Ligand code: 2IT
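Only one chain is shown below, in structure tokens, and it's the form predicted alone.
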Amino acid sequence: MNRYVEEVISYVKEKYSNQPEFVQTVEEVYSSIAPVVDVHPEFEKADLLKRMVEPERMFRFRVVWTDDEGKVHTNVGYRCQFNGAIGPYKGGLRFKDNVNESIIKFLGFEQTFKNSLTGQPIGGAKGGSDFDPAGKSDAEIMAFCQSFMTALYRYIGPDVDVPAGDIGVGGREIGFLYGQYRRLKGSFENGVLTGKGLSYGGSLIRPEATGYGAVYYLEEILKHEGDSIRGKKIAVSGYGNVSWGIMKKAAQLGAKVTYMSGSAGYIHDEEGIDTEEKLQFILDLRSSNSKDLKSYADRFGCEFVPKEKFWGVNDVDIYMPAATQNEVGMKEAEKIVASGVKYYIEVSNMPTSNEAIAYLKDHGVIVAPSKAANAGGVGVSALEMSQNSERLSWSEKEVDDRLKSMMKGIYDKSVEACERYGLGYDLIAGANIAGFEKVAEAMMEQGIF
């Protein structure tokens, strides 16, 4: 590995030893880009890599709200504006009780390169709070969102920073956040948030976009292998917006999701989650913030396995982790290899440990990285920004066609980058290199700051 790259990785490990998620994603990205740094000695002179791992700015703020019983609660909010070299900061807000500085920073760092891959002029950011919407009433969620936006609104804007949704932040939360922003600003700046409702500037297929994009990316991998998605069986972790989008697009293309997991266990629906009734049930389950996945099995007469994950089942063709970070370590990776399943498509952010990824690749599993496979969500968010700025409203087909083209472009860039550096068919290295090169070029051209 390049000496300068090793030095910066060591610096991050030492300085941020208490932020494991951030350290893991820096190590994963920088281990791939050593060949680029080898041919660009000017990066070290400008200390580019160390500058890249430090956010341009990061906010931590108090969020105080009152529940339906009149009790006052205090949560912590974050916004990490990681890198704005290629455009205004862009990245989601996550409301979940495990949110902390390490998670927000790793997501912001990852978002910088993901956004670069889309080809859209957007920088990287992430934010959120340790507030969990599950079990809260609409009034309580509105109270929290209004307090959160009151603390954040001064630091965002259509040409500054454009947040979106993420885990725990769907259309309802975006609506409450935007309403408070409009109230505070006294103007209709609908380009300040994406993932909005269609009635006030949202884009068609935005809720499904990350899942749709992951399936389009999977299609490109299958074509490379001389294969087709038709008839494939898929195991998906999670049942939020992303998994729902995967289920919908897979069904449209002749595949089907047969395994789906949640925090309480997993279901096995041999017939596939591919009918309007089943997809609507998943949508209703997600919208209600319910964690009762067993209710799906009861409704449709299929198997529910409590307190287990499906890693290791061998009656599927593709694994798609789409829930949250750190789902798959060495124990799960060994089961995946033993199952004989060939395709492993990361869809959630950093679902797999670096050690597990290496093990999967070493044993012939084709691994697609999340920063490439899940870029469709932010890509469509950027399309929403374009529609807002130009006062346009594209049809569902227009957005879907643009998304499909974008995902093919991301795949092609990744393949070209790894081939250019003699790395073979390594989609992880290719995505890291392609995302890094554009950001690095922009930072070098803008001087040292």
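Numbers for residues come from their place in the sequence shown, where the first is 1. All of these numbers come straight from a predicted model, not from anything done at the bench.
The form predicted together with the named molecule exists for this protein as well; it is not shown, and the discussion that follows is about that form.
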Report whether the minimum heavy atom distance between N349 and the named molecule in the model of the complex is within 4.5 Å. yes
Residue-level contact is defined here as any heavy atom of the residue lying within 4.5 Å of the named molecule in the model of the complex; does P369 satisfy this criterion? no
Non-hydrogen atom contact R206 with the named molecule in the model of the complex at 4.5 angstroms: yes
Since only the chain is shown here, I'm wondering whether P133 would be in contact with the named molecule in the model of the complex (any heavy atom pair within 4.5 Å). no
Of 325-333, 261-269, 157-165, 220-228, which is the one stretch near the named molecule in the model of the complex, taking non-hydrogen atoms within 4.5 angstroms as near? 157-165
Listed residue that, although the named molecule is not shown, lies within 4.5 Å of it in the model of the complex (heavy atoms), from N83, S129, Q111, S243: Q111
State the residue from G175, G92, G202, G191 whose non-hydrogen atoms include one within 4.5 Å of the named molecule in the model of the complex. G92
